[in-house]
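The chain below stands alone and is given as structure tokens, in the form predicted on its own.
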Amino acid sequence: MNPPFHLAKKEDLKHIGIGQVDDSAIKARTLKLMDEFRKFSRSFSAMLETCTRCGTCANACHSYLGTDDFNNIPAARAGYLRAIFTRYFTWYGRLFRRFSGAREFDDDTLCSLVSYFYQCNACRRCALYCPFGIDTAEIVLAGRNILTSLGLAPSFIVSIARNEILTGNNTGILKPAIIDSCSFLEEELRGETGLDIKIPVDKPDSEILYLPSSSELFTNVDTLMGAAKVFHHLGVDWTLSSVMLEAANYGLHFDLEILKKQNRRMRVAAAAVGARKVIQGECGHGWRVARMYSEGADGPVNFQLEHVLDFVAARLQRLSLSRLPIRATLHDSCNYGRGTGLLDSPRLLVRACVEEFVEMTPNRERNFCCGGGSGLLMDEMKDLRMQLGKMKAGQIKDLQPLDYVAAPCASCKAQLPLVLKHYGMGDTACGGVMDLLGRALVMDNERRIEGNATGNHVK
């Protein structure tokens, strides 16, 4: 088996509670899991039975358009699982195998599932164009869950899931390192603004728990510093949590049980600091999980849940902003645009921060994926990821000259700079929306110090 990534080793899978299935039992285990999925999700069965192979999804898929690989057409990719489903779970597949598109489960089919189900970013763009509304991404994620239960999962994704389970964040950093990093960023803020802007950790009785991407402590520091400036300016009573310093939830990409475990941490972290509101930071799939899966996975939450861009957009009139002399565009994260409808707030904020805002074509829910989502940020897949980013690169190239691509998602911020450089646009910067706000915000030292001293809080 030679997928375009390293498979996790048996001992690494054991650390996250996943075993490997013996080769002799793989077929039986796969069919059992497929049967459980079709009983658990009627839509799963309906989507597998409905496709007419009309091909409409082909030109909607950045993966196919970037790789020119027939098997990356959404209908063809899902067809591997669909053929097994037809063979073993439909009467016509059992009776008329040769004429029904049915396929025996064999090693070649298993290898194709492993390879091609991880060349899909699960961006869900194909579902917008399918005349039957088939969401191939949901088929892919179901297939990934089945593969994980067989002990077949990318080492990169498994290592991140292990970090989430052990430490509550993707990078595996512990509380002393978190506090040290926040202290360093506070010094940076003090040197830049002259203000004592705090990035609190585990502060008791905080109104708001803020969940950033843990990458903001190391690589995307301007995003966290931007958020800290805005919260300081608004007088927000907030804190980070060392229990869960992560908006992301990699369980979505390959294992629902791990999704539930990480989601439960949000409740524990909020309770530990007494927060009445949890604000999610710039992570596309993390916001989708928090907003769309929390109650279904673990029951009702006893706090308000809001995205940082919606939170700030609702208070935009209270910010003192100076427009930056740059030409900027907005990349709609797939999980914002097609997963949660978070479309207007980021545009409102970017427009308020720059002198010239231009839209990509297409945009909003029809925007192309950057090619880095659904856990595909492995180094060994870099060449393939550049192919997956081809359509996004074309969108950005059409806007040149361009100074800045606002990408309010940690995965997009990791992928897009590489895509820009690969396609000859390395001079175009890429960062978050909160980065822009931090740069455009006019800090009034005396007024803010007074405001903080009076204990004003944002509700």
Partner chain sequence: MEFLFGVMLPYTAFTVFVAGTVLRAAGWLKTPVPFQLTLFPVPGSIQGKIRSLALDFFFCASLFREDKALWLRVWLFHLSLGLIIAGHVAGIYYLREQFVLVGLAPGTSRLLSKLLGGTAGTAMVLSLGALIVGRIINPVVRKLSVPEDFFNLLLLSAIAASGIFLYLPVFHVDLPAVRSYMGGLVTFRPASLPQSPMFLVHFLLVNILLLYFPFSRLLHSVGYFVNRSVLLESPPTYPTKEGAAPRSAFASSGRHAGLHASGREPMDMGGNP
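The structure displayed is predicted, hence computed values, not measured ones. Positions refer to the first chain, counted from 1.
Heads up, the form predicted in complex with its partner chain isn't pictured, but that's what we're talking about next.
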(Q) Taking a heavy atom within 4.5 Å as contact, would all three of Y64, C130 and E365 count as contacting its partner chain in the model of the complex? (A) yes
| query | I18 near its partner chain in the model of the complex, any heavy atom under 4.5 Å? | reply | yes
Inset, instruction - Classify R338 as contacting or not contacting its partner chain in the model of the complex by the rule of any non-hydrogen atom within 4.5 angstroms, answering yes or no. - result: yes
Open item on the list: With the partner left out here, check for me: in the model of the complex, does some heavy atom of M47 sit within 4.5 Å of its partner chain?
Closed with: yes
query = Taking 4.5 angstroms as the cut-off for heavy atoms, does R94 touch its partner chain in the model of the complex?
reply = no
Students should find that, of K203, K198, R124, R103, the residue having a non-hydrogen atom no more than 4.5 angstroms from its partner chain in the model of the complex is R124
As a check of understanding, the residue in L316, A271, M292, V358 with any heavy atom within 4.5 Å of its partner chain in the model of the complex should be identified as M292
Partner contact check in the model of the complex: of 400-408, 66-74, 415-423, 428-436, the stretch with a heavy atom within 4.5 Å of its partner chain is 66-74
Within 288-315, the residues having any heavy atom within 4.5 Å of its partner chain in the model of the complex are R288, A290, R291, M292, Y293, S294, E295, G296, A297, D298, G299, P300, V301, N302, F303, Q304, L305
